[in-house]
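Listed next as structure tokens is one chain, alone, in the form predicted alone.
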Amino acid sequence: MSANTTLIENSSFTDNVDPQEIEKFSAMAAQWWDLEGDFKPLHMLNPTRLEYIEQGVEGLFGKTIVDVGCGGGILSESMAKQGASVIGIDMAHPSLQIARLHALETQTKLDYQKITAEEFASLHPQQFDVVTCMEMLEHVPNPASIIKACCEMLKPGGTVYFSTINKTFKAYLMMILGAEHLLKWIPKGTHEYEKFIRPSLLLADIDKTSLKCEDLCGVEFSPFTGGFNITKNVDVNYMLRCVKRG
């Protein structure tokens, strides 16, 4: 079943893990903090997504945060440096090791754990002010299960952020043909078109939880600045800010 069809409740904490995706990112782990390496686009994108997150919750200082699918810690560490208490979770052990090492090198205080979102939510229900799940939903078999888990982690009134890639022909051209094959910004095979998610389907998944979407925006690369800008165009990359009711 495609990730874009409908929601499937997870039957166990490990069902929603794709071993091939874990292996893929584990193989690239050493390059997480190489500004000119495989994760250069994420480093370029990070200031934009960090600003979007900060603005939505009126600052990160003192906030308790879970970064779901944290990888090598690019976003996690930047949020911790803003004074947040951050836990980054991921299932790729090599990436977490790199994240921990970099945090030691930069003397940044935060915690990294190898655990699924579903299990973490079962252990820590309604405990966090903010949850971030960025560039992760398109890499799991069942995005709906992740959305549900993120909601369960949040305190009532808490905020969760999602970002992913729209399932459009333009996204295929830019993210797979362009970024992977022509520009070689990221390794071939990083993305699979069938796993891209239309905003309408993501919003339908969100509506089945106690989350309410407050903002939906696009993210576009600017060749003039060499960075990313927030836009109303959601044809390719997009982000959502949702608040937990109650």
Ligand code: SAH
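As the structure is a prediction and not an experimental result, all values here were calculated from the model. A residue's number is simply how far along the shown sequence it sits, counting from 1.
What comes next is about the form predicted in complex with S-adenosyl-L-homocysteine (SAH), which is not displayed.
No member of the trio Met174, Val219 and Arg241 reaches S-adenosyl-L-homocysteine (SAH) in the model of the complex with any non-hydrogen atom inside 4.5 Å.
Just one of Cys151, Met91, Val130, Ala84 comes within 4.5 Å of S-adenosyl-L-homocysteine (SAH) in the model of the complex, counting any heavy atom, and that one is Met91. For the options Ile165, Met136, Leu110, Ile147, the one in contact with S-adenosyl-L-homocysteine (SAH) in the model of the complex, meaning a heavy atom within 4.5 Å, is Met136. For Val17, a non-hydrogen atom is located within 4.5 Å of S-adenosyl-L-homocysteine (SAH) in the model of the complex, even though that partner is not displayed.
The closest heavy atom approach of Trp32 to S-adenosyl-L-homocysteine (SAH) in the model of the complex falls within 4.5 Å. Using a 4.5 angstroms limit between non-hydrogen atoms, Ile65 is distant from S-adenosyl-L-homocysteine (SAH) in the model of the complex. S-adenosyl-L-homocysteine (SAH) is not shown here, and in the model of the complex it never comes within 4.5 Å of any heavy atom of Ile53. Stretch 91-99 is the contacting one of 91-99, 152-160, 166-174, 122-130, since its residues have non-hydrogen atoms within 4.5 Å of S-adenosyl-L-homocysteine (SAH) in the model of the complex. For the partner-free chain shown, Leu42, Arg49 of 38-62 come within 4.5 angstroms of S-adenosyl-L-homocysteine (SAH) in the model of the complex, judged by any non-hydrogen atom.
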